[in-house]
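Below, in structure tokens: the form predicted on its own, a single chain.
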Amino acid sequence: MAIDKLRQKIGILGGGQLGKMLCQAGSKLGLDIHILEKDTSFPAAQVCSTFVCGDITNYDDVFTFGKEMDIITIEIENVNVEALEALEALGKKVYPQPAALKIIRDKAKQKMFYESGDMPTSNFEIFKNKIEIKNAVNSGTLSIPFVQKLRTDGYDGKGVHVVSEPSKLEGLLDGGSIVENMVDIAKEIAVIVARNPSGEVAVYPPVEMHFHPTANLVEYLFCPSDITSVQAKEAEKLAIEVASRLDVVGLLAVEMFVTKDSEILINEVAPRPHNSGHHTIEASVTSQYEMHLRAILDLPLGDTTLVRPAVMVNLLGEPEYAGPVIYKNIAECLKLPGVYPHLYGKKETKPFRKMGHVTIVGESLESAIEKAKFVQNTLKVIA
């Protein structure tokens, strides 16, 4: 039975770095993985069984691709959900399920889902456009400071605008949005949960995330996180609850705020491998990528134990550079033990583009952090 499961054709919508790392993990199990993406410049084209050129947001492209697969999964939420629903109706295994994906990809629906389930999240309001938001501020029904998030298509810091003072109103994004109260954040953490169709659940220890001050991207993260054991258990329990209520098969990354009053609030979720789990390749018994594949194949889930403390540093394009990529000073970083670069294979860099990541492990978190600071200050992505 397990051999039959391994022979299934897996189709991934999206050919970015997450798709690439899913293919790399799948190669250990001899899996037959196919990618749908616009063109072969995407990272996953380097490593997949078959690469199909097509638009993951186009109904016909997704449906035609999916009909040839046994299992369809994603590495990005911005896909054609209607085609996934049609494939599911044909009896194809689609993970995450379209019903969950429709909730997750719309931040307003996400927030309403948490609210309806009495799950802790920050207060929010829904607005049709930036004019409505300005009118609410002018009428006194909405107070500054707040955070605006576009309902759809936001990723990697895009689609988010922080209004910390009245002058920031001029930068409001236009489109359907949610506006959240500014949370008094002590820490930002993430917990990754895996679920398979048989009902087995596995959860990774929380990681702590630190964001770039201007790009609103994760700059680095570390695990174990600097929270109490009680907070860690609460965060893991909450993540499992969200995944179970959504009935997600595969991975669900749950980002959370720990407030200065020690309250844990759900920020948002992603139903796929996630930036907050990159370190698991070197630091955990089972990587998040192998775990996602095990889950969608309905194989036994792997061990989530953290083997050694780790820091993950995102390699972002330097602000002033755009053009053919150069990784400056990588040799100096490779001299350090426990330093593992992952370069995504993107040919062109531009400001704050994710070009790779480096996982740094050590006997202690302190030693890993010390090496990570060196990497962060030394390894630069330029043109």
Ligand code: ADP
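Residues carry their position along the shown sequence, with the first being 1. Only a predicted model underlies this, so the values are computations on that prediction, with no experimental measurement involved.
Although not depicted, the form predicted in complex with ligand ADP is the subject of the following passage.
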- Does each of Lys158, Phe211 and Glu255 have at least one heavy atom within 4.5 Å of ligand ADP in the model of the complex? yes
- Task: Taking 4.5 Å between heavy atoms as the contact cutoff, choose which of Ala232, Ile126, Val183, Leu173 touches ligand ADP in the model of the complex.
- Result: Val183
- Message: Can you work out which of Asn78, Ser244, Asn267, Thr259 has a heavy atom no more than 4.5 Å from ligand ADP in the model of the complex?
- Response: Asn267
- Query: Using a 4.5 Å heavy atom cut-off, which stretch among 276-284, 142-150, 97-105, 127-135 contacts ligand ADP in the model of the complex?
  - Reply: 142-150
- Query: Glu290: heavy atom within 4.5 Å of ligand ADP in the model of the complex?
  - Reply: no
- Examine Ser122 and determine whether its closest non-hydrogen atom to ligand ADP in the model of the complex is within 4.5 angstroms. yes
